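Only one chain is included here, represented as C-alpha cells and corresponding to the form predicted alone.
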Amino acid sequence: MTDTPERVLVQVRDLKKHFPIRRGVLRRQVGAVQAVDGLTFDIHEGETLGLVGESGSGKSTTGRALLRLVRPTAGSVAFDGDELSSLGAEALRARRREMQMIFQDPYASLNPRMTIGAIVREPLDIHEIGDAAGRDRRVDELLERVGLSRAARDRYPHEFSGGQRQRIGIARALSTEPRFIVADEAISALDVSIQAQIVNLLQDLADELGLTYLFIAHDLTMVRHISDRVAVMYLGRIVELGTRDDVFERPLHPYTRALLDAVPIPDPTAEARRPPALGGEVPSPADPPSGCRFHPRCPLATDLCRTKDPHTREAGGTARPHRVACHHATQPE
C-alpha cells in the first residue's frame, strides 16, 4: 500500500449505468435497472481503492463501466487525463493495454480448450506485443511471478485448483504491463485458506510493479488488509468514502456501521447471541425508494430521509477527506 498518493489516475464523474427493462411483443422500454446511479470519485496512482457493499449494490457493474466493458448510460470516466468515451476504437484499444480485470470466477473465466500458456499469451498476441520468442519468455516470467512453474504452460485449466486458476487469471491480467487493474470479487470464489494468499500476492505485485487497484469485495476483513481507501456502495450510490482507518474505525454512515457489525466474531457463543446487524432486503434497483435509498432499513430514518436525497458532504478525515451521504451521519460513540 502507498502513503497518500496524489496523482489521479482514474477520474469518475456522475457515472451512471441503467439497464433497460423491455416488455411486450415490440419490446418497448417500461423501466430501467439503475445499477449505477451517479458515482463520483477518484483513484490515485499507486493506491488500492476498496469497493464494498451487499450483492446487488452495483459494484461489479461499476468496475466493468470503468474499463468500458459495458458502455455507461451517462457520466465520464477519464484514465490518466483521457476521457474514455471520446476515444476512437484504436485509441481505446491502446488504452486497454493499461487497464485490465481479474474476474470473480476462476473456473468460468479461463477457456477450458486453451492451454495455460495460450491463455496468458493471448493478450500479447491481440496487442501484438513483442515477437513470438519474446511472448513465450514473457509467459514463463509471468507464471513464475504468480507462483506457478513454467511447466504449467502446457497444461489445461481443469488440471488446476481454484487458487491456481486465479493465479493464472492474474498472470493474464499482468501480461500487457497494465497500470490499473479491477479485481472484481477476485477472492470470493476461493477457499478461505487460499484467499489470504491471493490478497498477499496482489499486494506484493502492487508494491513491485506500482499497480493501481479497484478491489471489489464483500469481505471487509480482506478489504481492510489491502486497501488504502474504502468506498461503501448501496443500491447504485456511494454512501461513504474515506481512508481505510477512517471508514473502519470512525464510520459515519449507518449502513457502513451495519456492515462492520455483521463481520463474524471468533466467539461462537457471542456470535449466536448477537442480534442481526441489518434487517430487510436490498430494494430493487428498478424501483429504488424515494429520498435516501437506505431509509427503509435505517434505524435513524426520519421524514427528511424518506423525502429528500442526501447530498455527499465532507466530514473531516485524518489523511484525506472523509465523505458521507447521510442526513444524520454521526461519529460512533
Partner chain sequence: MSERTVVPRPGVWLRLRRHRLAVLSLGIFALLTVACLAAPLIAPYEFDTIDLASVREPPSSAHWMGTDDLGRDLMTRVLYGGRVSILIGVLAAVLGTGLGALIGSLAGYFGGRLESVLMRLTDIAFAIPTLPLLIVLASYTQAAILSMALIIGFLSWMTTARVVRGEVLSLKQMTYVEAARSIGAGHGRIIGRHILPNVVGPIVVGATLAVGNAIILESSLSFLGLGVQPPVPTWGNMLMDAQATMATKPWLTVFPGFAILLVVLAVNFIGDGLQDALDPTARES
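None of these values were measured; they are calculated from a predicted model. Residue numbers count along the first chain shown, from 1.
FYI, the form predicted together with the partner chain isn't displayed, but the following is about it.
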**Report entry** Contact of H253 with the partner chain in the predicted complex (heavy atom, 4.5 Å)
**Finding:** no
Query raised in the report: Would L110 show up as a contact with the partner chain in the predicted complex if we use heavy atoms at 4.5 Å?
Result: yes
Requested in this report: Answer with yes or no whether D140 is in contact with the partner chain in the predicted complex, where contact means some heavy atom within 4.5 Å.
Outcome: no
Report task. Although the partner chain is absent from this view, report whether H127 comes within 4.5 Å of it in the predicted complex, heavy atoms only. Result -> yes
Query raised in the report: Quick one: in the predicted complex, does every one of L69, M99 and A118 get a heavy atom within 4.5 Å of the partner chain?
Result: yes
Requested in this report: Spot the stretch among 91-99, 77-85, 235-243, 208-216 with residues whose non-hydrogen atoms come within 4.5 Å of the partner chain in the predicted complex.
Outcome: 91-99
Query raised in the report: Going by the partner chain in the predicted complex, which residues of 159-189 come within 4.5 Å of it through any heavy atom?
Result: R172
